[in-house]
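Quick heads-up: it's one chain on its own, the form predicted on its own, in structure tokens.
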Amino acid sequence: MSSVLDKASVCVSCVTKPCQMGCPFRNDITSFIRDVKSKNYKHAYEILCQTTVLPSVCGRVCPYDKQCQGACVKGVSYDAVRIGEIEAFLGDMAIDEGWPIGRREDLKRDKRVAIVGGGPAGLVCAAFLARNGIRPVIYEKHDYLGGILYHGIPEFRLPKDILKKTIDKILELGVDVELGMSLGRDISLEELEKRYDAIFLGIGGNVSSMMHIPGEDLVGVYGGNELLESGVHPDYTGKSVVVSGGGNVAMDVSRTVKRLGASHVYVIYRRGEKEMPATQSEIADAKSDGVEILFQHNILKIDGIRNVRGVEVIKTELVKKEGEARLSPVNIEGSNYHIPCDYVMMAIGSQVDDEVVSQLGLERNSRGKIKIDPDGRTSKENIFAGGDLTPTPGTVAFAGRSGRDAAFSILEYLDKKKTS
């Protein structure tokens, strides 16, 4: 208990609350930490519940050094407040003590809402609907809830028992679930529209993006997202593996592969360490696990005849291009060299299955994402969306925030529909 008090004591309760502005959920961080400092833990948890239902999750997996913690003013001259660890502590305590999330018991709405996808966006949307008088139904294609939280984040980062207990607290609010129901295969959007007054689409994006370089069709090239989702891996014992990417998925894949017996694991990233999307803690943990990260390197091609034999890489330099805020990697001519390896994992990003999205009949942007307004409304008034399906930033907290915002938009839509 003393350790969390020590961490909380660092907070100086800034009036301007920059940490809150850095949090996708806009959690009232200084207020819940103030209660932690006075050991009023339950009230601190209740403050968190005003804006989020995932404290045990986000406190562990959020890139908080780039979000809330990264905005902490103490980080300028001293160590920033360990916001993520304090949040996870409160979430875990609420699970252990049986503290409920809380809902409006006096409010009941007779409208029906379907939620497609049981990942962070869908779970948070369901929670905030249930808290406000709706009994939503989640349709999930897997035989479990959690989406990327379950199959995309390794056990060593997010224990499955913590995730299950977090989901159970959400279901206790009054959320029904239909497992093994895939949109487009087991049920259509048209069928859902006939049964429900409103629909939220929170389908996750777990189709790995590829680099479109020679050799991607060789045996031994895998998508990192698919490997984490299926949990089915080749035998890495004594093998060398190259992981392409710089985000948390690349870190999770590389650490998982290393722990499964790979002798050498290289992460290839085109930019420098400070530009890397992964959190500093994830980068440090990967290095500690024995992963070698090659910054300012780019993969030109994957070598082999039928199976992967290695990759040709080239060094890069970062240059400032006109009209671009971010430094761009440019290949350094003549710096090519070969890295022998047995497997190559693509972890440069992911997307939603286009076959599913194209059948929805909703307006899309130039990148193929479903267009939404700031409150999650799509081009059809009764259909809302969030998470990977939309242009929402690709973190758990932003996905959850999109689900929460859509929930309030759905409530507003249903109330207006009732009075019209």
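Since the model is a prediction, treat every value here as computed from it, not as a measurement. Each residue number is its position in the shown sequence, starting from 1.
Beyond the structure shown, there is the form predicted together with a small molecule, which is absent from this document and is the topic of what follows.
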Just give me the single entry in Asp342, Asp197, Asp303, Glu282 that has a non-hydrogen atom within 4.5 angstroms of the small molecule in the predicted bound form. Glu282
Of the residues Lys239, Arg271, Arg82, His142, which one places a heavy atom within 4.5 Å of the small molecule in the predicted bound form? His142
Leu48, Gly133 and Leu173 each touching the small molecule in the predicted bound form (heavy atom, 4.5 Å): no
Spot the stretch among 143-151, 291-299, 214-222, 89-97 with residues whose non-hydrogen atoms come within 4.5 Å of the small molecule in the predicted bound form. 143-151
Check whether Val61 has any heavy atom within 4.5 Å of a heavy atom of the small molecule in the predicted bound form, and answer yes or no. yes
Even though the partner isn't displayed, in the predicted bound form is Ser244 close enough to the small molecule, meaning a heavy atom within 4.5 Å? no
Contact label in the predicted bound form: Arg157 to the small molecule, heavy atom within 4.5 Å: yes
Does the small molecule get within 4.5 angstroms of any non-hydrogen atom of Val249 in the predicted bound form? yes
